[in-house]
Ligand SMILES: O=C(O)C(=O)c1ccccc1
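Given next, in structure tokens, is a single chain: the form predicted on its own.
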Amino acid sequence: MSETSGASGTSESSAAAEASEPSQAGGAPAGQADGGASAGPPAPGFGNYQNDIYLNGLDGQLPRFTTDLTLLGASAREHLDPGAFGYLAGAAGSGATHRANRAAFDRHRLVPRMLRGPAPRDLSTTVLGTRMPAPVLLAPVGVQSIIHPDGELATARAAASVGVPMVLSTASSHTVEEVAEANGPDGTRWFQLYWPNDDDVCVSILERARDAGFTTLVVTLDTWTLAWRPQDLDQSYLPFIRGVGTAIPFSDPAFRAGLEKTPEEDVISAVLRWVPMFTGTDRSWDQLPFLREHWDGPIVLKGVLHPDDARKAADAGMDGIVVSNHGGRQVDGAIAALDALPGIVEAVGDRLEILFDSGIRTGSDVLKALALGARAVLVGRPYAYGLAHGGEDGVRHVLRSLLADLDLTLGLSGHRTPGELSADSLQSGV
């Protein structure tokens, strides 16, 4: 249901990278190149990760997998069962929307400026009351146990160690309480809702998320039913009907109260109750007050692509939106999310916090989205591919690689902070 995936994955390195105190250039952690021994105290800044990698090479230590996040999908296939890989990497229909997302980034080019003294840099920002060391969050990716046995727990630990907020999917392989414990007291976490059509179950899940320290609610609008996804269909692969990615509802007291037998006793009956509960029924704008009534923190609507829908979100009193086409997984032939971004920023940029996802792979991708008006971006498939390669260490490596790329490219393009970026930082339409 989200940008998800794969099977067993590899075991984690015994030496995990340790987090350091926040630095002037964005709070990068100290640590190793993909789980190797540290080469010594790092210099401040996310970009120092490349120094770690080069210095570790003096001891013959190479990264366990690539630092080019655009290549991770191909190598992740080697770690995953075909069904799991197809679920993670696949898209709706012909894949046209997925391809359009990446092509859109190529139509915008950064225009570097010289002799601007862009050091030290500060990537930190605050979004909807959440202080973060860089304008990057982990997108909600469901059923992560098909990628690696530790699933969302590994992701939560890696996110906390780097200081990046994570957005937990309703389709998690672990409960909200388990993920919160793994994320720790210093972790920052938001909760993504696939809106159940049973109000009691919905309220119960929201209360559990709030009690577990999730601060912002992200409501996915574009996945009220599954798209035609040939890669999943050709493998007859859907995790939910196998009882995977159902830990949150199956552990929920309101959901369990509606069952004759517990999910542990009769998983098929539980699946048959849950799947129709969160798919098959679209919502309407006049139902949004229900969420406001039962969630006292910020609410963000994910999946907005049209300026009129963005205006309706603002009129409904929402706090933010995510400009997203679900990574190309829902509507084949849809507009690229990046192409939708400028018009939405123009329509509601003074009324809502605007976030972006769909297609982010590199530091320059992040900068382009920020220059076009996004306050922060969500990254999905790359960290899931990292999870497939190396569990917690794999997620950490992907995050540190992306943030290092972002930090260095920001400076090399002549900027000290993301706030200095604007449409003038780009040549567009090329």
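When you see a residue number, it is the position in the sequence shown, counting from 1. Just so we're clear, the structure is a prediction, and the values are computed from it rather than from any experiment.
Form predicted together with the ligand: not shown, discussed below.
- Of the stretches 326-334, 108-116, 345-353, 121-129, only 326-334 has residues with a heavy atom within 4.5 Å of the ligand in the predicted bound form.
- Checked against the ligand in the predicted bound form, the candidates 229, 174, 273, 79 yield a single residue with a heavy atom inside 4.5 Å, and that residue is 229.
- A heavy atom within 4.5 Å of the ligand in the predicted bound form is found for exactly one of 194, 250, 237, 295: 194.
- Within this chain, residue 223 lines the site of the ligand in the predicted bound form, having a heavy atom no more than 4.5 Å away.
- For residue 278, a non-hydrogen atom is located within 4.5 Å of the ligand in the predicted bound form, even though that partner is not displayed.
- Among residues of the shown chain, residue 214 is not one whose heavy atoms approach the ligand to within 4.5 Å in the predicted bound form.
- A residue is said to contact a partner when one of its heavy atoms sits within 4.5 Å of a partner heavy atom; residue 190 fails this definition for the ligand in the predicted bound form, lying far away.
- Scanning 68-100 for heavy atoms within 4.5 Å of the ligand in the predicted bound form gives just one residue, 87.
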